[in-house]
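There is one chain below, alone, in C-alpha cells, taken in the form predicted on its own.
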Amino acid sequence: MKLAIASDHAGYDLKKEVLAYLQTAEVSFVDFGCGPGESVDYVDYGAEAVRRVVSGEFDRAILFCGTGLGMAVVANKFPGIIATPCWDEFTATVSRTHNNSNCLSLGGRVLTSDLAIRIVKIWLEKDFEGGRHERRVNKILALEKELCKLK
C-alpha cells in the first residue's frame, strides 16, 4: 500500500508523529506538505494529496488539520474519495469495514499522538466487509456520479 500524506500547520505536529510510526511499520508514503513553521490553507495541501489517490498513483491518503473536519470536507469533493474523520478506534474500524474509506482525516488539536497512531494502525489493517455495506457504498458512489452530471 502506498499512502499520500498531507497536513496544514495545525496538523503538522501530529503528522510528524504518525509519519514516524509509518516508517517504523515500513508503510510506503509520500508527504506532500506542509513543512514546519508554515501557515497554510489546508485546502491546497489536502487537494494535492487526494488528487494522487484519484489518479491511481497512491492507494489511500491520510490528511491532518486542526480537527480533521476541514480536510475531510475537501477530500470528499473529489470523485471516488470516501474521506472519514476519525477520533477513536471504533470510528477507525467502521470507516474501513462499513464505509470502505480511502482517505483518513485526523485532527492535530483533538487527538493525542498515541490515539492517532492506534487509529492509523486500525485503518490500515481493516478490510472492507462488503455485503450490505457494499450496496450502500455503491449507492453513494452512484449518487456522486449522478450529481456530477448535473454540473
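All residue numbers are counted from 1 along the displayed sequence. Note that the structure is predicted; figures quoted are calculated from it, not measured.
Not pictured, yet referred to below: the form predicted together with a small molecule.
In the model of the complex, the small molecule sits beyond 4.5 Å of every heavy atom of V30. Within this chain, N102 is remote from the site of the small molecule in the model of the complex, having no heavy atom within 4.5 Å. When contacts are judged by a 4.5 Å heavy atom cut-off, A10 counts as touching the small molecule in the model of the complex. Taking non-hydrogen atoms only, A61 never approaches the small molecule to within 4.5 angstroms in the model of the complex. Proximity to the small molecule in the model of the complex, defined as a heavy atom within 4.5 Å, holds among R51, K126, R109, R118 only for R109. The candidate stretches are 22-30, 66-74, 52-60, 87-95, and the one lying within 4.5 Å of the small molecule in the model of the complex by heavy atoms is 66-74.
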